[in-house]
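Encoded as structure tokens, the following chain is the form predicted alone, with no partner shown.
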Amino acid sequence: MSYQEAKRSYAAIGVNSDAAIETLKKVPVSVHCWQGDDVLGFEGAESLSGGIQTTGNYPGRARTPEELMADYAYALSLMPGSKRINIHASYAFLGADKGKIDRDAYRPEHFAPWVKFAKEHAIEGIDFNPTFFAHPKMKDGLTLSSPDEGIRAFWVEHGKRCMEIAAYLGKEMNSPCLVNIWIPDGYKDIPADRLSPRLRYAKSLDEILKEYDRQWVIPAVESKVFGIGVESYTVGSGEFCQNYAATRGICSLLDNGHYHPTEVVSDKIPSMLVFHDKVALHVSRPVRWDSDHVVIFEDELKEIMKEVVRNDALGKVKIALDYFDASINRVFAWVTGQRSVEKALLYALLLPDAELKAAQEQGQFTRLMYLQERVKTLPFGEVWAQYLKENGMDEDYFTPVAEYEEKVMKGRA
């Protein structure tokens, strides 16, 4: 079937596929840098700690800033649509400062190479994350909630420096920088006091957010149900983060791997939109737990993007990727996740939402089910192929990635 035939099939249910393609071209997806080096960063870390873990030992991991940026650039070149980049503070270019300053003294100039990279690759904007893990000053696994005032003060200062860096990134890119705060704090076994750590965490957040550039910085807090080594209690629970965000007028970030298995982010998004003008989203793929598998074109991803599109929230929901898989080619993983999100957005844009909503509102549930089933067999693949064509790409990205691996990545230890 040709695209023109597919276009007529969608027109028969009142959907303009050309318009869907044009809309999708303008939707930015923030692509995370940490897929390329297994979240190790540029500070010299050799392993992860703090409730997260990357599994696998596929050859070709980026070992230097230069290798990471080369892989990142190549991956971005195979991704259609509008893109942002998302970096962690641990990816600072420290230069002569390496080994002399710690995270509580990072400055905007340590991230200037990222601005240069973004501008050279036509990136729309940069998003940022303080790095509250994989560091010697995680005392007893705690950072912003630590009862040790010296430890807590160190991490508060890191947060403040990150807000300044984010303002710099926003101004340089002329696009507000979303700053996501996630901490790994918690306890392996049943705690005696669940309240005090959360009071300290709230106090720390208040100190970090006391002053920041509201024109260029969009703060968000991210919850998590549990982590490795903190299976019994996490300080930044869903209830804590949503209430903190609501009372402070900032974003609550939803990661679809950070909830109990029976909870779905697709249902949380419309609930959040009732009360918030912005919602931050990390798209991951949990398998039984927050395993950060590569995002694929699966049912929950489609449901998430349906809620974003049908609620006119493309400008309200800030979409970013967050996964890290070292069991397969890392560039392939990057591209697969981004293209899967793009597919899900396009699928949602091709739904006859007005007709579906009308059937629900009028109690025509037989018709609603009929329409929901009918769209599943429409020629979506032809529209996706047309979208790729208009972005100067095609469906086969395996071949170029395999060639890149052979020429560039194969020689890495």
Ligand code: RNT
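Residues carry their position along the shown sequence, with the first being 1. Because the structure is predicted, anything quoted here is derived from the model rather than measured.
As for the form predicted in complex with the named molecule, it is not shown, yet the points below apply to it.
**Q.** Residue (of 244, 168, 182, 72) lying close to the named molecule in the predicted bound form, criterion heavy atoms within 4.5 Å
**A.** Checking each option against the named molecule in the predicted bound form, the one that comes within 4.5 Å is 182.
Which residue among 158, 318, 152, 224 has a heavy atom within 4.5 angstroms of the named molecule in the predicted bound form?
If I apply the 4.5 Å criterion carefully, the residue I get is 224.
**Request:** Tell me the stretch among 212-220, 230-238, 319-327, 100-108 that has any heavy atom within 4.5 angstroms of the named molecule in the predicted bound form.
**Result:** Only one stretch qualifies here: 319-327.
Output flag, 12, 367 and 378 jointly within 4.5 Å of the named molecule in the predicted bound form, heavy atom basis
No: none of 12, 367 and 378 comes within 4.5 Å of the named molecule in the predicted bound form.
Give a yes or no for residue 39: in the predicted bound form, does one of its heavy atoms lie within 4.5 Å of a heavy atom belonging to the named molecule? Although the named molecule is absent here, residue 39 would touch it in the predicted bound form, with heavy atoms inside 4.5 Å.
Does residue 52 make contact with the named molecule in the predicted bound form, using a 4.5 Å heavy atom cut-off? The answer is yes: residue 52 has a heavy atom within 4.5 Å of the named molecule.
| request: Check whether residue 255 has any heavy atom within 4.5 Å of a heavy atom of the named molecule in the predicted bound form, and answer yes or no. | output: Contact with the named molecule, yes.
So in the predicted bound form, is the named molecule close enough to residue 133 to count as touching (4.5 Å, heavy atoms)?
Yes, contact at 4.5 Å.
**Asked** in the predicted bound form, which residues of 273-291 put a heavy atom within 4.5 Å of the named molecule?
**Response** Heavy-atom contacts to the named molecule in the predicted bound form: 282, 290.
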